[in-house]
Ligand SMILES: Cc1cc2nc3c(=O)[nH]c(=O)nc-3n(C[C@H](O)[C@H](O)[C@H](O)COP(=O)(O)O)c2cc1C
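A single chain, nothing else alongside it, follows as structure tokens in the form predicted alone.
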């Protein structure tokens, strides 16, 4: 069996958030199969804590690249897009022919919100000549809030199993099957959807105030 290496891009500004938790699980599952994986934090390259030119050897050594990222303003964050654009301009040759997949997660349970994020990743793969193996969409990442999946009981077990099936597909060079998405999709009864949305809105506004955004209702684009 050929040993493969996955380079996992944690696309969150939080190094201990839900995207990192997902990345950590992918890494563990990969290593459990006898393959190898490494996680890097995109934000470190954007802020200059890590040098982009040092990625060349890492890109060459990797067979598969994965983007694991939260949804920001309907797609990837600015620094994730900056990072992918830099890869296009500087490492297209090193990335060509490699496999690429993505996992997008958002705070709300509606997983269709992640579609622009996954489409952005697909477009990147096509732009550099990588093989797009598909993506997974998780809704409700804010409720996980960086917790390790093995500590979340049955819910965590289902997500881990979904990632395991997806990884089996990816390591064989296959498109991620629908059964993986089915396992990680949270089914919320309609009667609970509005209370959950209200709670998530409250949580988001609270975080905004804590970070100095007092007037979160301001519409600067109309001023």
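Values in this document were obtained by computation on a predicted structure and should not be read as measured data. Numbering follows the first chain given and starts at 1.
Here the subject shifts to the form predicted together with this ligand, a form of this protein not shown in this document.
J.: Going by heavy atoms within 4.5 Å, which of 141-149, 128-136, 80-88, 93-101 lines up against this ligand in the model of the complex?
T.: Of the stretches listed, the one contacting the partner is 141-149.
J.: Thinking of 25, 157 and 183 as the candidate spot, does this ligand come within 4.5 Å of a heavy atom on all of them in the model of the complex?
T.: No, none of 25, 157 and 183 comes within 4.5 Å of this ligand in the model of the complex.
J.: Answer for residue 73 alone: is it within 4.5 Å of this ligand in the model of the complex, judged on heavy atom distances?
T.: Looking in the model of the complex, residue contacts with this ligand include residue 73, since a heavy atom lies within 4.5 Å.
J.: Is residue 203 near this ligand? Define near as a heavy atom within 4.5 Å, in the model of the complex.
T.: Although this ligand is absent here, residue 203 would stay clear of it in the model of the complex, with no heavy atoms inside 4.5 Å.
J.: Residue 111: heavy atom within 4.5 Å of this ligand in the model of the complex?
T.: Because no heavy atom of residue 111 falls inside 4.5 Å of this ligand in the model of the complex, the answer is no.
J.: So, residue 118 and this ligand: in the model of the complex, are they within 4.5 Å at any heavy atom pair?
T.: Taking the distances in the model of the complex, the answer for residue 118 is no, it never comes within 4.5 Å of this ligand.
J.: With this ligand taken in the model of the complex, which residues across 91-122 come within 4.5 angstroms through any non-hydrogen atom?
T.: The stretch touches the partner through 105, 106, 107, 108.
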